[in-house]
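The form predicted alone is given below as one chain in structure tokens.
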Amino acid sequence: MNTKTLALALATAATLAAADLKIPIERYTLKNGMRIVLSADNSAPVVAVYVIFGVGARSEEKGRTGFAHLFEHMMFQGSENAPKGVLDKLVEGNGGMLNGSTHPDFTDYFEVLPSNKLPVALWLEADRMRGLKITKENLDNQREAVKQERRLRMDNQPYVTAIIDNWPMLAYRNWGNSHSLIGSFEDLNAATVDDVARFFKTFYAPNNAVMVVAGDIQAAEAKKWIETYFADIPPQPQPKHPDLAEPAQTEARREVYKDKFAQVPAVVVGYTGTPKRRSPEYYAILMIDAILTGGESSRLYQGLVKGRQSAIQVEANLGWPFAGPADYREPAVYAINVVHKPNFTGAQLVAQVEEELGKLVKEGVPAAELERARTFLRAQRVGEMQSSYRRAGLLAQYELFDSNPDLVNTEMESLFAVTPAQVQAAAKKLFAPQRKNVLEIVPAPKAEGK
């Protein structure tokens, strides 16, 4: 959770009173196994189409790292009836936007358009699900595009290589969890057209997909278009996913990364052994995160940024840096990332973070502070629901991971039922010293650098 301005959150919450949201949802499944969620909001003439596939970096095999991300690029290279460039032209030419992204446990694609252009988005998504253009030319082109993306957005940027590559290797012992989401050049070079075709057939089948249509829609009309475009796409055998179980961590780990692009140091403090999704302890940790980093009134902001004036920026999440509460899947790490002033050492920042965590473990949380965290989370959820795109993404993740998109309406009850005693108990368990992992990122001397 990024440190956001609590004043705005409080204002939003006040405007919408208790924010007892009731998002309309219609959920059904096509005969080919594709799951559909519709959510109407006719307050603005905008619609979001969000398609999510149950495949991400943690589905990759050894020797094929980065394949999920490579395939995300391939999905924009044209399909049977929409050659390369047509997707972008039709969406952007109609005043919309589109994109896709790769995550540890899923890959997503979306279009946001004027609502009278909904059939355009549906047809485009169905056409590439049905018949993606998988050619050697497209593969070679996108292989180089991914390499260039890595060079520009990762290898030449401060902190990114340490966070994307080194942090997972420090925090995890199972290869499925620890390998790079971006992948290596060697594995990218080894990818063949047959590999891509097999990956597409295995993971991009309708029965491994969820589609959410949210915004200004008429449900009956939308369902007719969905049936027309998607219902006859053939399903495939449900793909198998690797065993991602992690051994229990028995001693703390620490690493120092010398970053030639960093101007100021940073430190990541993370704890393994996080709980199962939707368990009471999971909700307790979400409340802990709000207490620690939810806005400028949070403990870490007040303690490190305002109080000691040692930190420049603080962020944290359950599943950081790749996931948050909606798409969190265990095994994962609760991690706190602090960019700090150079007149403080990494060890000092770790000690300061641990001091704040220790207070939570020893003293718990007052009821008033817990209520402040609830207010922050309530306002945050209201803000998410005001965007068709963000609503669609949240509904898709709830359907994919929980088979229950109605969590958008009900999960706040579970979250707000967390008691001070549960918060303290979860903190004691999670912040055990043997579960700790520390990655210090320090500016490398000019003649050095990793």
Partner chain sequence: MTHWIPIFAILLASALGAQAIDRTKPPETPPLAAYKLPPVAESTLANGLRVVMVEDRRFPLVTLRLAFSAGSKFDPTETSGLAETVSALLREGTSKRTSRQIAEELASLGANLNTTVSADNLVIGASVLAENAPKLLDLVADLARNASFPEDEIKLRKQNREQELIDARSRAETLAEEKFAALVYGSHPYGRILPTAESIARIDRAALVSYRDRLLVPNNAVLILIGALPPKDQALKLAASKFGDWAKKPLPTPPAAKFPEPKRTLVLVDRPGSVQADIRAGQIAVTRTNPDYFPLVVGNSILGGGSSSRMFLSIREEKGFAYDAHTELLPNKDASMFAAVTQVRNEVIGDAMETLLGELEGMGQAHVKAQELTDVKNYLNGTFVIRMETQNGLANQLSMTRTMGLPESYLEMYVTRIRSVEPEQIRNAAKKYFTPGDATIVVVGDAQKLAKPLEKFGAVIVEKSKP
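None of these values were measured; they are calculated from a predicted model. Positions refer to the first chain, counted from 1.
There is also a form predicted in complex with its partner chain; it is not shown, and the following applies to it.
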Please tell me whether any heavy atom belonging to V46 falls inside 4.5 Å of a heavy atom of its partner chain, as the geometry stands in the model of the complex.
yes
Using a 4.5 Å heavy atom cut-off, state whether R153 contacts its partner chain in the model of the complex.
yes
Classify T272 as contacting or not contacting its partner chain in the model of the complex by the rule of any non-hydrogen atom within 4.5 angstroms, answering yes or no.
no
Is there a non-hydrogen atom of W175 within 4.5 angstroms of a non-hydrogen atom of its partner chain in the model of the complex?
no
Here the chain is shown alone; which of P242, G131, G358, G95 has a heavy atom within 4.5 Å of its partner chain in the model of the complex?
G95
Among V112, L370, V350, V196, which has at least one heavy atom within 4.5 Å of its partner chain in the model of the complex?
V112
Heavy atoms, 4.5 Å, its partner chain in the model of the complex: which of 300 to 308, 319 to 327, 166 to 174, 281 to 289 makes the cut? Say which one.
300 to 308
Non-hydrogen atoms within 4.5 angstroms of its partner chain in the model of the complex: do Q263, T375 and S387 all have one?
yes
Using a 4.5 Å cut-off on heavy atoms, which residues of 73 to 97 contact its partner chain in the model of the complex?
H73, Q77, N81, K84, D88, K89, L90, E92, G93, N94, G95, G96, M97
